[in-house]
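Next up: the same protein chain in two forms, each one alone, written as structure tokens (structure 1, then structure 2).
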Structure 1
Amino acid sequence: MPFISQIQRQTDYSSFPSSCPIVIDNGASYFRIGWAGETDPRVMFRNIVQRPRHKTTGETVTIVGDHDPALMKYFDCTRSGPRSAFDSNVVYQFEIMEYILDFGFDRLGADRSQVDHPVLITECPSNPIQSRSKMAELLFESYGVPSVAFGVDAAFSYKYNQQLGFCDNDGLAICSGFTTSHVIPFVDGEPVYEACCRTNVGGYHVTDYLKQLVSLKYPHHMSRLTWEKVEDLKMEHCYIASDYASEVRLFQKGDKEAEEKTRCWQLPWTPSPAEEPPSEEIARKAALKEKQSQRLREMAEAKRSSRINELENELKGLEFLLQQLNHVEENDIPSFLAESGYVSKQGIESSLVKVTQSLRKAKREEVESEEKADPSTAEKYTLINIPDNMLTPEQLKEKRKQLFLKTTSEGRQRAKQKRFEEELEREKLNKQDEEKRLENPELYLEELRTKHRELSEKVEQRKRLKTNGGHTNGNNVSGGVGRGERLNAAQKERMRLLTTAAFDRGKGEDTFGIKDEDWQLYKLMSKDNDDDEEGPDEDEAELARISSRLREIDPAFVSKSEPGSSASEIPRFRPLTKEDFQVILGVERFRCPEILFNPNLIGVDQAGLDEMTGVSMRRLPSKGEGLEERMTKSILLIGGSCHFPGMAERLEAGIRMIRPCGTPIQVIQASDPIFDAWRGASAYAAAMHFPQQTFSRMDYFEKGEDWLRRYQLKYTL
């Protein structure tokens, strides 16, 4: 039963006489208010308050109860989360309480600022006196209530069910609420608070546990898992296993029964638009690439041909010029040349040579520079072989130049040779590879895949270490505890050096740096860091090579392009399928309500529900004849958290374990665990002797705090 709220303003407030009490069930989850004597509360809503700011006007508005999501868009909710007046089951924030009471009374129809009816309000068992007095003060001062009565909601529920016949005068009430669970024994119709027992685990903790478990398991769906949604899930799907260990074993074995018990929550998901099969896409991409390269080639061609044309034109012009020069007279040469812009005949000839060369290059004729080099080297290096003492200084300089040229050209030749050899090697390797592949394609593929995986892991790890300082859980070689895990080897070395430097110095004064050798420390450190940087590059190159190879051969391979993807994204290794958007609740279905019986699972070091009954019965001050037997015969389950299927059986089994053999045990769920408290209170308030149980403002002021501490309702009227 998800959040229900009934907040319509009631119109018949004035029709009720001033003696008719108003009954309020002030619970940590819901606030119910209504008139005494009726069967249902008039107004009920979630006991929370939000104070967002209006987006346009900027004023702070108070919203009580569950909000209407449609209205929320007008408000800026960034700084206002839902706040409750409760801390565990005790009211401590009376300002919020005031907002809630305002709202409650208003919806009940109260139009004046004073509420002239006596009020019966519920509280938790053994409410601290401060909370009680502040509540009384609030009611008396702010609302002008004439008289107030406080009661325990579990007791009202029990009395109501007793009237209905579900339980007897002596019995146990097991009330599992929102933040706490109580076991209250009843003797002769009155609750025995000395024997009451309270564990601080309730429906809120169950929901929170479920929320944490599911968000840890499905981190990418975290935005969907709001607290309200998880509460819905809990109410729909959670149950209590009759025996946790055997139930869990079912799931561990993976039986068909376990399959049936697993529920799957499908999140809304639209499949991505129909993807073409990968091969077609690859073909399409290749075609595109081809087209692009074709276009580029064409452009290059066009440029080249235009450049060739230009050069040819220039060449023709120059030749023409030369020819003209030959025809022109000697004395007219300077003037003629001045027109064309060249200084002398040599100038024209040299530019002619240059143009022809570039033309040849443009036409891609082989520039036989290498071969030309050899005969030219032979000429140029003539001076080298002549010993030094026979040369003039100028010739020595020449010789040095020639030596230098020779060594460089030899070096170039050697480099070329090496490259050639390496090419040959690689060709050989590739051929071997191909042969291996052809003879055993499967095995080859497997090897390649494993190599790829290993390499990618290594690269990932190193990257993670370098950038994040190690979120891994000690998988790396350095291991260690705590701080050590975060530093890789180089950083640890650095720290070590620094600390030794810091400690080695004399007492008191820090003499680091006076000697020059001290600064060599930093040289050591950076060297370490550098060493680390180069290693991964080879691995990465290797990885790239392998992945490209795999992409060629293996049709099903998709490379992990983002090794550092954060956990909050869905790992896009393959196209998103329907399964990615499913949240599976298997073991969590009964693991979460289990904390009611076993608070150790959540770290709360207290007894569970079944043990609490034993504790409570042991604490009974007076154990009459057969009292305990009578009590176990009428055990009532109340409270919102007792709606879990399987709770009654589990409780019965648990109580049977701690009671003597053969005692009659009967566990009954109340007629309506949630509303019975209000109904009981309403019936109580409508009784004739109710006014004697209330206290007025005068009483409160006269008798003081001590009296208020001892104030308890008498439940049998």
Structure 2
Amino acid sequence: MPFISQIQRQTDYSSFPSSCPIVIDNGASYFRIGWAGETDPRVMFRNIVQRPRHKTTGETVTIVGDHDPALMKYFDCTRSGPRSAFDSNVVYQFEIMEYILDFGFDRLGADRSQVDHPVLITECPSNPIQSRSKMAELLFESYGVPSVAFGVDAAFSYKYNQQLGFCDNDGLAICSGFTTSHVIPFVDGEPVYEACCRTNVGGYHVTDYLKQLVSLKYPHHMSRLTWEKVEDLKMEHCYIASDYASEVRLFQKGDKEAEEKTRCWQLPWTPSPAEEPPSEEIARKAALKEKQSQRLREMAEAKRSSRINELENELKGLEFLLQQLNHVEENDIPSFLAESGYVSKQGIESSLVKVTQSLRKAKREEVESEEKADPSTAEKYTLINIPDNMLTPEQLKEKRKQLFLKTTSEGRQRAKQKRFEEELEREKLNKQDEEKRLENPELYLEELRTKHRELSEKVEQRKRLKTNGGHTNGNNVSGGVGRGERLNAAQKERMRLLTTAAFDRGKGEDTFGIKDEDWQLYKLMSKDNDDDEEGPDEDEAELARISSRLREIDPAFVSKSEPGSSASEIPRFRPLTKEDFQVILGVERFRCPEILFNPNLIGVDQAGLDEMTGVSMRRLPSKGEGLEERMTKSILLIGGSCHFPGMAERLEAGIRMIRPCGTPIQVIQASDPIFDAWRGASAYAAAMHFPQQTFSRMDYFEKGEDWLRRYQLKYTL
């Protein structure tokens, strides 16, 4: 079930005497604080701190524990994510720990600068002395606590369940926490930390593994797969498989039993309306579209008017320039043209013609054709027929420019004429095809299909020959050949000429190019004369034309061999359905918690929970008669990760495999694996002998923090 925080500020802080201890369960996941002797903590929240900036004021605020998503939209959280004071299960970020303690004491109702109550705070097994001393320094010097006691949360939970009759004096506490898992043996009611065993895998890793698997399976729903939601899915649907391999084989078969174990999480989904929108909505959209079109037309008209004004001003300037040029003397013409930016009078006239045509187009008037508008070739290219020795350097440049323009213009005219002739020929063929189709449609369609099939085979055969040559391996399949057998006729002729030239001229001095026939040979060897590379093949062009014709008259036609056609169809859009917003949990339900028993699934080379039990018992310094049997008869499961269904059965089966046959094994879950640690600590702090187990502020100032090395809490009072 999802965990709910309790952060309401308490108002009865002053009603408790200063001798009443404050109990703190400082877990890596949640922080719990309350009064000794009570059954439930007063304040609970997530053990994290976040310091975002306000988007408007830029002020940095501190948010401890859970936050309200509705309020976080006012803060910039991109540079400050949630931070924890823990590294694994050890506190090492004490500036963050101070924020958490401030918030915890404030929610408990402390309204003074100092906390005048003894404090019992939990820590991990075998906590490093540096972490314990820093925590004592923080509590004594920042909060003025009179005395402090440090105890292990798993030990408090075991002793609390021992009082309830769930476990014995000798036993094992298997604590699977948020970031780590521990196995702590108990002998005569006291934990034996020398035989303790730890694995750096816990509930955090199970949630993270589930989030990775589901995100890879449904990448388009990653924004919905938040950490809190995946945590809820883990607690609601995951379980421990009694036999992991057989469970995987069951889901591989995909039979009815696997379908029954599959769970579905339905995401929020709103079906698209099937009915047509009302007539008022259609009219409103049509009016909006017409308004937008009118605005675009007005913008285009304003742009056209501006263009017309620019062209008219430019035209007046060119006409004025020509008038001035007519009144300039012959000797001053070059300097006048240089100042105006033109080379000759013809350049000004050509610009005048172009501007006039552009102005007529802008005014949407008919524009004369190029043949009528442009002057004759002799008038336009006046310097072409004049010898070079009769021209000045500037006129030579102008002559070369006129030659280039003339050649380009003639090329365009030839290409235009060729396209016109091809279009006439295409129209003629289409007209003939249409006449044939009208005479006998069935026969015409069959002839087209036959011709398409023949051309397709011909084009494919040519491609195979070009790639693999003409050799086959006896099965009408082209075999692998060398480059020489893949060349066409033009390429083979070029290779022959190169070989001949190299053989004839390979000795002595290189004299290629002296004779005129050498350059003729060079032209023959040039790639430009390769007919195979000049353009598309005629068969391919005809195949494309027939394919296009078949697509028009035959709805069932599908072109497979047409050049440039893709083999895969473009996926068509389909409306989203309810199934597109479902997250299916199958093998993930038991694969993720399996890392508690096989940490190598996530790359952690450590022992699982069942193997840790055997390691812990082997580490015991002294083994009395029947001690191991008494310990296996009292195995207590503690921690949030022990809520998975099948945990006790799987642990019992795993421990039975490493113990001798007939060993009594009993695995029991704690009465409340999450809150028993705080309740056990609360009951311990309420005992009469608790003040004797504390480390006072006076001891801290007199003996120093090194004295904490010898500090050991006695759980049996």
Partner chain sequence: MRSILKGQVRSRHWKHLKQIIQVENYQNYRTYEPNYVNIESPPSMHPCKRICDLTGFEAPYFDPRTSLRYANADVFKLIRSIPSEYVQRYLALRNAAVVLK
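Note that this is a predicted model, so its numbers are computed, not measured. Structure 1 provides the reference sequence; residues are numbered from 1 along it. Heads up, when I say rigid core I mean the largest set of C-alphas that superpose within 1.5 Å between the two forms.
The form predicted on its own is represented by structure 2; structure 1 is the other form. Superposition of the core reveals a Cα shift of less than 2 Å for Ala245 between structure 1 and structure 2. Superposition of the core reveals a Cα shift of 2 Å or more for Glu442 between structure 1 and structure 2.
Core-aligned CA deviation for Gly317 between structure 1 and structure 2: 2 Å or greater. After superposition on the rigid core, the Cα atom of Lys55 is displaced by 2.4 Å between structure 1 and structure 2. Relative to the superposed rigid core, Glu427 shifts its CA by 12.6 Å between structure 1 and structure 2.
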